[in-house]
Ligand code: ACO
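Before any questions on binding or motion, here is one chain by itself as structure tokens, the form predicted on its own.
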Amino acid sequence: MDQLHKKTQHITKLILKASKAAREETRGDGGYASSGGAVKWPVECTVGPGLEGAIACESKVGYVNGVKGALIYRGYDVFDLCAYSTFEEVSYLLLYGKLPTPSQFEIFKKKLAQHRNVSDTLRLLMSFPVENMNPMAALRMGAHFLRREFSTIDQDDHKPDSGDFIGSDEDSIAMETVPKGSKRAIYEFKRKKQRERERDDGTYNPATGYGPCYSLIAGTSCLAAAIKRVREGHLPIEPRMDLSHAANLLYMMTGKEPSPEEERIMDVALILHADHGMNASTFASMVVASTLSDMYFSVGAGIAALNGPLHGGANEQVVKMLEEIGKKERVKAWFDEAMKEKKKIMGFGHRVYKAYDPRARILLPLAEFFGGKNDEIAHMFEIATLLEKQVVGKLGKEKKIFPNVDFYSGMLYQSLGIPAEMFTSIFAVSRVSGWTARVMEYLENNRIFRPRAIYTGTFDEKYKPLRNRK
């Protein structure tokens, strides 16, 4: 880690410069909201369609301050983590709640490296027409095949006995009355001391062990790289245990060992996408986990949710949009036409941020840096910055619309040799750390998710036999 950062001090300086600018611009925009300690349930909140505004749980994993434009992982500012840390260390931080000691970090990196060998999973995955599949569909399938390679969950002697549960019929509670809250989970394992012993001894308990987290963080990375290779008509490449997580990902994708700069920028991109509050894919993972399913199915649900165009894939659309504009001379005319037609401008605005997305602040100078080495990226970056000036000048002050993480990430991925159709898969490769960390945290005090719907249908309908219906 130290060696990599020594070779890429110029990139560290770019990140720290972006951090300084962000703090100066948001000075006086308010502090950080916190409960100040344990949450007293039940809580009152205003809930909109799609559970907007609902408070589903409490968490120490990550925090997004949309007004201040800040992203926090376990108390650490993402600017500092990108400047000084690595994706492996951030993954440890998210999972365990603290930064590792040198010995803990070496053990953790070794465990992740050991889980890069996914040969059995690849053998199963390659029996399907991966070259013709949506990469996210292939990745989701691969996550489920990891379940067979790295766990014994499906064997009869590993299935939980019904006597281990405290009431599996969650709907036996009067859920259609006003909920009052409960002091403990309705659906949970009894033997908590046994659960604690299983956390770090390498066993693969589907509900509580860390083993599945390691195999999913390492495995999805290798699977995404293999999927990219197969789609291009090449065979997958064996992982290298001597490379970092980011470097191995690029090596397995491109077939060549990345430069220190390429490795560092990939590493930063992975850190930036690792966690982002209670987003749709994180919530999907947690809902599945709350039933005491297993981590593999939970992450599979996260991948499925991320595949939706309203959640993942916007950076792919940004690249297409910039290619459509084509020339810097066309930017203003294109923007004016887009405003006239009320066309959505990809890569701008965010449901949470009402300030400049801190992830975009970091990616912008990195994209500019790569533009100095690649004429195609330089051309795209020039169009992007001119478009940003138009959008922010028109919509920034009043509507608080600024670039989000997707605006500059796509061109960075392209510069690293990653094709546009794989962008969302790279998002998933990173977000597995956040999904697994939040699932592990939630299972400590699990309660099955069970929101309610407001019935708006009719009553007292009379049944008519099929022959009498028109």
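Only a predicted model underlies this, so the values are computations on that prediction, with no experimental measurement involved. Note that residue numbering follows the sequence shown and begins at 1.
Keep in mind that the form predicted in complex with the ligand is missing from the display, and what follows is about it.
Using a 4.5 angstroms threshold between heavy atoms, residue 256 stays clear of the ligand in the predicted complex. Under a 4.5 angstroms non-hydrogen atom cutoff, the ligand in the predicted complex has residue 309 among its neighbouring residues. Using a 4.5 Å cutoff between non-hydrogen atoms, residue 51 does not count as a contact of the ligand in the predicted complex. By the criterion of a heavy atom within 4.5 Å, residue 64 is excluded from the residues contacting the ligand in the predicted complex.
From the list 238 to 246, 100 to 108, 348 to 356, 81 to 89, the contact stretch for the ligand in the predicted complex under a 4.5 Å heavy atom rule is 348 to 356. Contact with the ligand in the predicted complex, defined as a heavy atom within 4.5 Å, holds for exactly one of 343, 320, 234, 327, namely 343. Note on the partner interface in the predicted complex: the residue among 70, 405, 440, 418 having a heavy atom within 4.5 angstroms of the ligand is 405.
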